[in-house]
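A single chain comes next, written as structure tokens; it is the form predicted alone.
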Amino acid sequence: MRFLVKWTKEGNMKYISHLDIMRLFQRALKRTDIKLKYSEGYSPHPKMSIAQPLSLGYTSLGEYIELETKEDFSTDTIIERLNSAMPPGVLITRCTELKENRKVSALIVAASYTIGLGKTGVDGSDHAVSENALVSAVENFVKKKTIPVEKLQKKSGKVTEVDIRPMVRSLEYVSEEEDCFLLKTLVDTGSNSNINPELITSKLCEYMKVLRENLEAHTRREEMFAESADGTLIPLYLLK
């Protein structure tokens, strides 16, 4: 059976790397007697994959892992067993059985994020960001047709200029909280087009004339989406 499991990554778990998260799930599955199928060939590996790795330091309410088990389980059993073996900060919230043969990671096209920008600097200085300046920066970002940024290519190690504006589907200022200002954004996420929200934060700092390294920022992934035939975005948990 193939399952798509949705889970959260909060608190100190945001500092745990992608590879360590994979090991965490492997241990949890072993402890709860959920046996995975293995690939064939000279180097068999368990049929388990995280849909889209999360940047280190980010929290999330919408992470997904795809599993293929040897035995039949109900979705409620998968949730109950995995939650019994997870540390604080990781909570299994949904599980659906998959009929689609394509890997979920190949279906992802977008993700939504909440970005919190601190009112004070990391050095304790007051008024690192003002509401008026942030609203103006967001409006400036949205109205631009092109936003070039320098981006380090992981494979080549070269720095290239990339236009991130087409990758940002929406960006809006939401509200003022006690210690921060909240933004919502929907961005391209997947194998064809992908942007790290940190590039948005850095560009907004540039517009506000604020040093990025002096600004406290918290980013949380809310949900990931596939795309229907008519172009409508579908939350991954609705995939079958």
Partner chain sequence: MCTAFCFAGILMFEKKTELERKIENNVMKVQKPARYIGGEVNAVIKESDSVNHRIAFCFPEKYEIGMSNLGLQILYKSLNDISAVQCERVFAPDVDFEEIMRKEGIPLYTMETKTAVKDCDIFAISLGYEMLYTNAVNLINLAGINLKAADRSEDEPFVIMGGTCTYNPEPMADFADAVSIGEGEEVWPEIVAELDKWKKSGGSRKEFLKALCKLDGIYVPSFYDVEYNDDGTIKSFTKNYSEAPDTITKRIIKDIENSVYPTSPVVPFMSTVHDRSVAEIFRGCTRGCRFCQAGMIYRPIRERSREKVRKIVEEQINNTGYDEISLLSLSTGDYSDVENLVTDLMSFCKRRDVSLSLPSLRLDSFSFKVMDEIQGYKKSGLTFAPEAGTQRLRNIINKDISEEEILSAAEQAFELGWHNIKLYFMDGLPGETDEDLIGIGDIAEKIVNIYKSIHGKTGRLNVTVSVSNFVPKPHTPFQWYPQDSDEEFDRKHKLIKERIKPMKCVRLQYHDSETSFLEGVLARGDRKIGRVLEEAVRLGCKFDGWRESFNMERWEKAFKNTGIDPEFYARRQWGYDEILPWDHISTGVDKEFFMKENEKALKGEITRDCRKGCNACGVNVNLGIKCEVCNN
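Residue numbers count along the first chain shown, from 1. Bear in mind the structure is a predicted one, so any value in this text is a computation, not a measurement.
Unshown form predicted together with the partner chain; subsequent notes refer to it.
Proximity to the partner chain in the predicted complex, taken as a non-hydrogen atom within 4.5 angstroms, holds for one residue of L54, M208, I50, L61, which is L61. Contact check for A85: a non-hydrogen atom falls within 4.5 Å of the partner chain in the predicted complex.
At least one heavy atom of D20 is located within 4.5 Å of the partner chain in the predicted complex. When the partner chain is considered in the predicted complex, Y113 lines it closely, a heavy atom lying within 4.5 Å. In the predicted complex, E40 stays away from the partner chain, with no heavy atom inside 4.5 Å. Heavy atoms closer than or equal to 4.5 Å to the partner chain in the predicted complex belong, across 162 to 188, to the residues E177, E178, D179, C180, L182, K184, T185, L186, ordered by sequence position.
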